[in-house]
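Take a look at this single chain, the form predicted alone, given in structure tokens.
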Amino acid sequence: MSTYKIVDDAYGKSGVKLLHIKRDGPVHSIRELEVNTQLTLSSKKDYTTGDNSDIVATDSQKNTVYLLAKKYGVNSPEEFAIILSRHFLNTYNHVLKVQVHIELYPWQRAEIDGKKHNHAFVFTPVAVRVCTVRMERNGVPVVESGLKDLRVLKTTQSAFVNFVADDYRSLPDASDRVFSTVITSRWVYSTTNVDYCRAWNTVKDSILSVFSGPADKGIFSPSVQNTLHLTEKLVLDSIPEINYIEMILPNKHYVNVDLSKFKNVGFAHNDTVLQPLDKPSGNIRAALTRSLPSKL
């Protein structure tokens, strides 16, 4: 006779949307969030016997998000996720694990005639900020921050040459090409004593710095892989509280349109009109962590 065991479970509320307004006299600040909560309980009787007596309803989890935002405010998504995690563990003795994932909507203060507006904001989706906090009973919060949808492009200072040449290769060497990608990254902190907003901006600035280089002359990239690695190294060098970072860089291809067939026009060479290709695309991923000190 077969026996079965539940080896993993969690439930919660997804897509809890929240706008928090901090009013400091005439100057207002906003945080718009989308929060997902997940709880793992000590018993499985809700699954195995249909006994709901231990379930903290997902609607109650939604209400908790609103009530704690009112009580504590929202300084950063990471800090708010820690507040939520600790609340669920401290309030319900039968909750073993909590995971809170938050996406921060990219609002920035509007500038009018060179001055920052007191209460008007503009949606500026350069990159989307995300975080996930995981916490177990009698444990400490594990904080993971990240960004997604950071789309970048440069028109030169990128190459891809000397790769495997075999019967399957049709791609020629490219000594100068367009480099474009949509960056997703996540990183894990070794402590909760962190200025999360400053750290997030430092990561974003590091990504743009390594990708772009100096404004007047740029920086050469021999491959997506190398640019990715140099970026992760700069992040770990710049932020000692981060001990792990992962980046995913899909290669968004732009190819020169062949105009040479239009004989009467005379465009034998074309490096100004390119066609964006949606799919397929290369996809490069790597993670970097700090090496543990060797044992003597």
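Just so it is clear, the structure is predicted and the values come from calculations on it, not from any experiment. All residue numbers are counted from 1 along the displayed sequence.
Beyond the structure shown, there is the form predicted in complex with a small molecule, which is absent from this document and is the topic of what follows.
- Just one listed stretch, out of 218-226, 106-114, 194-202, 134-142, contacts the small molecule in the predicted bound form at the 4.5 Å heavy atom level, and that stretch is 218-226.
- Out of the listed residues T64, S29, N251, Q38, N251 is the one that sits within 4.5 Å of the small molecule in the predicted bound form by at least one heavy atom.
- The small molecule in the predicted bound form is not approached by L288, whose heavy atoms all lie more than 4.5 angstroms from it.
- Mapping the unseen interface onto this chain, V164 falls outside it, with no heavy atom inside 4.5 Å of the small molecule in the predicted bound form.
- The small molecule is not drawn, but in the predicted bound form it has no heavy atom within 4.5 Å of L18.
- Contact check for R177: a non-hydrogen atom falls within 4.5 Å of the small molecule in the predicted bound form.
- Against the small molecule in the predicted bound form, the set F160, L171 and I284 is in full contact: each member has a heavy atom within 4.5 Å.
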